[in-house]
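Before any questions on binding or motion, here is one chain by itself as structure tokens, the form predicted on its own.
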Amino acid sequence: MKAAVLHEAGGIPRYEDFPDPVAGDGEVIIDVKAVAVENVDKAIAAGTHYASEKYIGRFPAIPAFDGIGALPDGTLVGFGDIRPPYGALAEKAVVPQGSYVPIPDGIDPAVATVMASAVTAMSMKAAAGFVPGETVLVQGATGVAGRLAVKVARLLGAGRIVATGRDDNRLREVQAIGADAVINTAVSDEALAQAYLDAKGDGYDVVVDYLWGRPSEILLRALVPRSFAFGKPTRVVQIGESAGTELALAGSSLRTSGVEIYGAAKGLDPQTMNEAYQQIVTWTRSGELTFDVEKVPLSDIETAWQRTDLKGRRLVVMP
């Protein structure tokens, strides 16, 4: 079969022949249809992720640990738990029986690879208890997941949406898809703190945070009242950390600001996960929720892997 083959940690996958996987006891061969290439896949391939040893412990290896494909009977499924060195970026993959879930009818395989990113945005409801009419701040709204969060907030009935990012052109695009106000975080600390205050209106009810690090530290500091006040609750949902893994949190940021911080998994169980997924499916089928994907053939993996021009679109490889 053809595959994206990695020969060393930190290398660039090459389009090459690779032995077909053979199913062992309790395994099944997947005919791969679409694979989203995300930052975590590149970190694993670079050897810098905690899962690198599991997935690329020896070379040659095929990157990516999940995707969309067809079972031998033709059923379209989302699959994971691949058996190394057979990653998902290939014409075929091998996984344990049951390490897959059916994809609903009418969903494009390329779109199906990105739907999980939209599900994370539903944490504003599951974790933070969002109700229609509230103001939502999306931290990191110019990335794939952040753009989807803006769309999801609008579909859930947000009264006002504020979005942050580092690129003015991409922030204008975010306004076009539903943000009422935008903030460029690539400014001085003082200017950013003031921008948060200027844009908050009556206050941020829910913050969907894909950034953490410096921008979120400045936000939390800016929300501390400058005089005695009963702080309006601001429920922060921590989802990603593209701007940093840590921040300094002053006690006053919690004691007097009304800020409440939750992890994205708060409120999740099989029922709420299914409800969130089914809502995303419904919006996707109706066309109310759209996904920005850049489809490329597997044969172009070497060039595609190095692309830096996607600007909010998800790279999806189609074997």
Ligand SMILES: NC(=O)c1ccc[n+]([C@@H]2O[C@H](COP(=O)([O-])OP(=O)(O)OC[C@H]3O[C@@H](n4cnc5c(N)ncnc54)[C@H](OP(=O)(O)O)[C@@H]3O)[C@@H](O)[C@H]2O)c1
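For every residue, the number given is its place in the sequence shown, counted from 1. Please read these numbers as outputs of a predicted model, since none were measured by experiment.
Not on display, but discussed next: the form predicted together with this ligand.
Proximity of residue 232 to this ligand in the predicted bound form: non-hydrogen atoms within 4.5 Å are absent; the residue sits far from the partner. At the 4.5 Å threshold, heavy atoms of residue 82 stay clear of this ligand in the predicted bound form, well away from it. Using a 4.5 angstroms threshold between heavy atoms, residue 78 stays clear of this ligand in the predicted bound form. This ligand is not drawn, but in the predicted bound form it has no heavy atom within 4.5 Å of residue 135. Contact with this ligand in the predicted bound form, defined as a heavy atom within 4.5 Å, holds for exactly one of 107, 199, 243, 192, namely 243.
Contact annotation: of the candidates 206, 220, 183, 239, the single residue with a non-hydrogen atom within 4.5 angstroms of this ligand in the predicted bound form is 239.
In short, of 124-132, 151-159, 85-93, 166-174 it is 166-174 that has heavy atoms within 4.5 Å of this ligand in the predicted bound form. Contact residues in stretch 140-176 (any heavy atom within 4.5 Å of this ligand, taken in the predicted bound form) are 140, 142, 143, 144, 145, 146, 166, 170.
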